[in-house]
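Below you will find one chain, with nothing else, as structure tokens; this is the form predicted alone, and questions on how it binds or moves follow later.
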């Protein structure tokens, strides 16, 4: 009986002009969203290639200069390509790159807010890795128009448009009592309507989205990319299921179509717009992040004081790093490059409390957003889609941790050579950075948590709706 009703509902839905209007709207939005996302990925790739090209040109120039110096050409100490101080701080600074993920065109996410590459040098870590404040959840939701925007904003509206009059529409037309005069329950009828509408909408979104994505040249040959795509489909389906459950609760109240539509529209506004905005205000009030001006001012003051005490700082630096001390202490005390290392080290120590306070407040903000994002399914699914597309916070944090480790390695390499006054004759000996993706098990754990966050309330709300449908007034 259920299969027969499903076939009948599909025939009715196909004959309804609303379905084809939805196909046209969703198809246009999906095509534009994927195209816009692809354009952004190409922009990122162009910016990264420009940075790498500049690095290659710079290293070719350094190599040529090294050959000239080796042949006897004299050069200023401040432009000497063999100087480890010159190389480590500016001449040979390395570009550490976070490449766009294979599914990056699906969700722009925070990739337009967070840098995709940084230049690593011997400067302080704060200068290399400039932290950014936690972004407003609403700002992230209303960023660039992409496929995730279509899913987060339009899918709930489409679900509500297809579901709000499933029962009340037939009741108002006088056909509901005739249908239920057959050997079929209202629960079975509603279940068939939901299955048909959910399947049609999911096929439209996934089919058009995947087709448009493949047309942009994205390859699905890699197993990890296919797994991410499957998680993406599962997240969209779970989000859609939750909104169908919300719609069913509205339908089960037994009100007219107009009243049900108004109620569901209000819920959409609350869960997709108001809750993220309220969460933003709460986060900023509870954990205000120190001003960037304070960090800049602290850095300037620390720099001025450190430069004024260069000789004293050098002695303290050797006390902290006795392995770097040389026998010729008097010569070391007058060495500009070693004093510079000591000054930079002192600046980092002075600025560290301000940076620690900033990071602590930032972590508190992010933790609060993580804790209360369950109040808005829009935030939950957007974060998941950004994560799967490689444009979310998780992948960038993973990148920053690797850059931080590479920065430490870079400074150790040049610090030893500066203190020992060892020139660099071969650029191939410099440390190199290669980004490595996080283990897929970490992604799976986050996606399982996301699906649970969406599906558990969907099941509970759906069960409540079907219980209420047993008492639905067929007449009147």
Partner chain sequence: MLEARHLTKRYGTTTALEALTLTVSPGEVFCLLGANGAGKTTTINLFLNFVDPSEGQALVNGVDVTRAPLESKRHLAYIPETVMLYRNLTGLENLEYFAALAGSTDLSRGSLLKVLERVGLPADAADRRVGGYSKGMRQKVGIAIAVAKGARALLLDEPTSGLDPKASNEFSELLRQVSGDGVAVLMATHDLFRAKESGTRVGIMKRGRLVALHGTDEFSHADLERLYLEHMHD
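From a predicted model like this one, the values you see are computed outputs, not experimental measurements. Positions refer to the first chain, counted from 1.
Keep in mind that the form predicted together with the partner chain is missing from the display, and what follows is about it.
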Checklist outcome for this item: In contact with the partner chain in the predicted complex (heavy atoms, 4.5 Å), from 172-180, 210-218, 223-231, 241-249, is stretch 172-180
Checklist entry - in the predicted complex, which of the listed residues (23, 15, 464, 456) lies with a heavy atom within 4.5 Å of the partner chain? => result 15
Next on the checklist: Taking the partner chain in the predicted complex, would 98, 436 and 441 all count as contacting it (heavy atom within 4.5 Å)?
Outcome noted: no
Checklist entry - Might residue 401 be said to contact the partner chain in the predicted complex, defining contact as any heavy atom within 4.5 Å? => result no
Checklist entry - Is residue 189 close enough to the partner chain in the predicted complex to count, meaning some heavy atom within 4.5 Å? => result yes
Checklist entry - With the partner left out of view, is residue 93 within 4.5 angstroms of the partner chain in the predicted complex by any non-hydrogen atom? => result no
Next on the checklist: Even though the partner isn't displayed, in the predicted complex is residue 5 close enough to the partner chain, meaning a heavy atom within 4.5 Å?
Outcome noted: yes
Checklist entry - Mind listing which residues of 24-39 have a heavy atom within 4.5 Å of the partner chain in the predicted complex? => result none
